[in-house]
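Listed next as structure tokens is one chain, alone, in the form predicted on its own.
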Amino acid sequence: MTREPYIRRQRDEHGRKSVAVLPVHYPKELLTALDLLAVEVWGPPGAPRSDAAGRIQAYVCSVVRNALAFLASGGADVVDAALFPHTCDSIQQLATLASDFGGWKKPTLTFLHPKDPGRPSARRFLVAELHALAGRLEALAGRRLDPERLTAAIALHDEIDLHRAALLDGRATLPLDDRALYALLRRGEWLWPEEHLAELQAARAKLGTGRPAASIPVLVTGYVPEPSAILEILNGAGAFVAADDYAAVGRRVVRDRRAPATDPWEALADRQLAAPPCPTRVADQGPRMRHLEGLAERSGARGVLVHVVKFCEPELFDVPAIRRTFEARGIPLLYLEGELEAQLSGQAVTRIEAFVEMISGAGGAA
């Protein structure tokens, strides 16, 4: 089932309103606790679906341009509101542009997460933002937020992350190709969480029962695995994603297994602050480089694919540091830049195939 019929089914069968959510980090637990369906909008990939994309500068990333065109074309009219996290200035401003330029007339919500989580004031700011967003979501849902339901939603999403982490960490023993695995992981962008959890549990039962057909482990970092054909090209060349640092996937899996705080708001803040390092949340490159090194070491990655969206400033700021980090370790790196194309170019395919061929020899030595 595709997203629009699913949204309608959720409304008809369960009375759930839905919220279109722009990337990347947001407190999904609040929506779950209020019985609101989150439906994430990552572009979408492919050519813009209306001329509204031309209303903003050509040097703004295609995620924002495509999202504006998608909203303006009526692609998200089935939802009841849209949520714009402060991932970057462009997405934050899209909350205004969608209404002014795109004709989007439904409620627009915003969420600002602290950009320096290590500061003492970050938690106070975050808790205040969570309360403010909860108030706006309560108005949309037409009900008050029950603290017990919030506690249950936090536990549900913690369990989802537990299974997602197990699948990503045990990738080398999972008999699925990358496209099938990522289709499963990304279904969480629009499925009701309990349904997504059931799918993850079924997939986790397959861990240890086989290996991916490809044999060369690589680490992939970037924004979003689009076009998804990139996964097929990797597999076809003989490589598989052994470690994931996509903003859309791995960077949203909270692995902190500490006992949750007794106060649900503090527990929710803990989950937000415990997410892996991401340039949309933290300017300090040190923690992220150490995180990437750990992923490479644990997975045995023989190469690194940096797959970014053109003009995505948060991602691009970290690219020089990523190059230096893996150059010092002697791990080859391929930099691939795109614009959410529907298909990879022939040149990109050739570069991926040549890169895998290079790291397949001599244990991955350059």
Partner chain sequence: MILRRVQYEAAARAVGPFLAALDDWRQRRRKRPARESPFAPPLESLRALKDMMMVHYLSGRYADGAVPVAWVTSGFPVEMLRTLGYHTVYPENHAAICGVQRIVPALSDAVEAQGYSRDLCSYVRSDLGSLDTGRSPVGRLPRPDLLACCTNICQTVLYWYRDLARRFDVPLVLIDTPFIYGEPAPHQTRYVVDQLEEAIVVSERVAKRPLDREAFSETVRLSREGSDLWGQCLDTARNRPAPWTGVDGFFHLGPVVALRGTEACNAYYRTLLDELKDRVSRGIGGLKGEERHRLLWDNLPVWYATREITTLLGSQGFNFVCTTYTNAWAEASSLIDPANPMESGARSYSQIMLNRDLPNKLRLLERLSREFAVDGAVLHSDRSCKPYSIGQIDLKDRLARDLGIRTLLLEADHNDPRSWASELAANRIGAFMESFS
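It should be emphasised that the depicted structure is a prediction, and the values quoted were computed from it without experimental measurement. Numbering follows the first chain given and starts at 1.
The following text describes the form predicted together with its partner chain, which does not appear among the structures shown.
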| item | value |
| --- | --- |
| Triplet T110, A132 and L316 all within 4.5 Å of its partner chain in the predicted complex via a heavy atom | yes |
| Segment that reaches its partner chain in the predicted complex - one of 177 to 185, 214 to 222, 249 to 257, 120 to 128, heavy atoms within 4.5 Å | 120 to 128 |
| Exercise: T280 in contact with its partner chain in the predicted complex, heavy atom 4.5 Å | yes |
| Contact flag, F101 vs its partner chain in the predicted complex, heavy atom cut 4.5 Å | yes |
| Its partner chain contact in the predicted complex: K105, any heavy atom under 4.5 Å | no |
| Contact test in the predicted complex: Q285 vs its partner chain, heavy atoms, 4.5 Å | yes |
| Contacting member of D263, D89, E195, E148, with respect to its partner chain in the predicted complex [4.5 Å, heavy atom] | D89 |
| Residues of stretch 300 to 338 in contact with its partner chain in the predicted complex (4.5 Å, non-hydrogen atom) | K310, F311, E313, P314, L316, F317, V319, P320, R323, R324, E337 |
